[in-house]
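In structure tokens, the next block holds one chain alone, the form predicted on its own.
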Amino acid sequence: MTKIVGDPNYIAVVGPVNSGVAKAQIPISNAAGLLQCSPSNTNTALTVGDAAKALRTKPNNYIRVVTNDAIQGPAAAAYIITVLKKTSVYIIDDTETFGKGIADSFEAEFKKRGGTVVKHDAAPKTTQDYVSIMTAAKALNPQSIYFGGVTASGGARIALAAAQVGLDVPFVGPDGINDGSGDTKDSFLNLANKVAKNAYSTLAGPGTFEGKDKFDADYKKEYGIDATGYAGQGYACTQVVLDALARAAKTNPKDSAALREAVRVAGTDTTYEYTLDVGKVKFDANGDTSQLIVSIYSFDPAAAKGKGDWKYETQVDAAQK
């Protein structure tokens, strides 16, 4: 990011993918007034509260097309209780910015709905022995497991350890484990394999939208792989940048610095409504989207040539509650 902001030819960035990366990048891009649109950052503290304010010294430059974990975590809690009919849960997070944040928001909602949290453990990605952790968890007899984190920080290893000790209950995780089919190298489903039979995941955005079939077909034709995770949101951020650039150009900026600022102003305009592939969207003063949709996925063992894939189940719109 330091290199990018130092080059006047850059007027915006799509990304990053991970919230922990965004936490490090935002102070740099904000100081330079560079528009930044993330298709997948969900940590609430990036946009709301004192922690978010501390990342910025100048007017806001950061927006995201996905809703935050104050919406994503509770959606998973609601699904476990109302659809899976499980009233107790064991929670384990990876101690990272994203993982701990979403696990905490999940826990608060689960308790609010009358559920019982048998224990909430924190295990960093450097953890070597998940089997002993899951052995202790099994003794507490939880009806479900919730993992806060991503595949690379322990997701599949925890699911495998749970299976090894005989803790055969629904394993629910956030978008951090919705990272491809069983045919995708090092994805959660690829690493967990048959253990994923009881796995569920969420995505902090619409799992389906008008024109999605065409989008998926075009994506497959262009890249030779299926569109997964936040591909649609990545395209949406690109649409935002191009739209902002077109409006900024109409102000006739005198140089590259003026153009960068004009793009930032246009991109973060709270009164402007974007028409994106994922729907109509506005951004508030914090950079959060008006689209408060969370999608739920289950495991389909027959998909991806029998290697399994995530199957869209339903989506919840918090804006309609």
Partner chain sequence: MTAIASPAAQPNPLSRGIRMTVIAVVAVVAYMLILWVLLFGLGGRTVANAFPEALQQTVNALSIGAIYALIALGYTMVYGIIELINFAHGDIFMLGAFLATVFIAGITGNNDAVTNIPLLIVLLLGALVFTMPIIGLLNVGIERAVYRPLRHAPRLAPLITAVGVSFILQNVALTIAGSGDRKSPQIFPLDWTIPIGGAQVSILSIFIFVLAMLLMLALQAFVSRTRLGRAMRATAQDQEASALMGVDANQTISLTFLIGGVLAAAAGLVWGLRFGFVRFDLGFNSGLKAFTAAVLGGIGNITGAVIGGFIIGFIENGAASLGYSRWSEFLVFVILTLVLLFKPTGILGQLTGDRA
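Numbering follows the first chain given and starts at 1. Quantities reported herein were computed from a predicted structural model and do not represent experimental measurements.
Beyond what is shown, the protein has a form predicted in complex with the partner chain; the following relates to that form.
- Remark: T127 counts among the residues lining the partner chain in the predicted complex, judged by a heavy atom distance of 4.5 Å or less.
- Looking at L191, you'd find a heavy atom of it within 4.5 angstroms of the partner chain in the predicted complex.
- The partner chain in the predicted complex is approached by K119, whose closest heavy atom lies within 4.5 angstroms of it.
- Residue contact with the partner chain in the predicted complex: D168 places no heavy atom within 4.5 Å of it.
- Look at 226 to 234, 168 to 176, 153 to 161, 197 to 205: in the predicted complex, residues with non-hydrogen atoms within 4.5 angstroms of the partner chain sit in 153 to 161.
- Although the partner is absent from the chain shown here, V131, A136 and A139 each have a heavy atom within 4.5 Å of the partner chain in the predicted complex.
- With the partner omitted here, the residue from T95, S88, S181, T238 that has a non-hydrogen atom within 4.5 angstroms of the partner chain in the predicted complex is T95.
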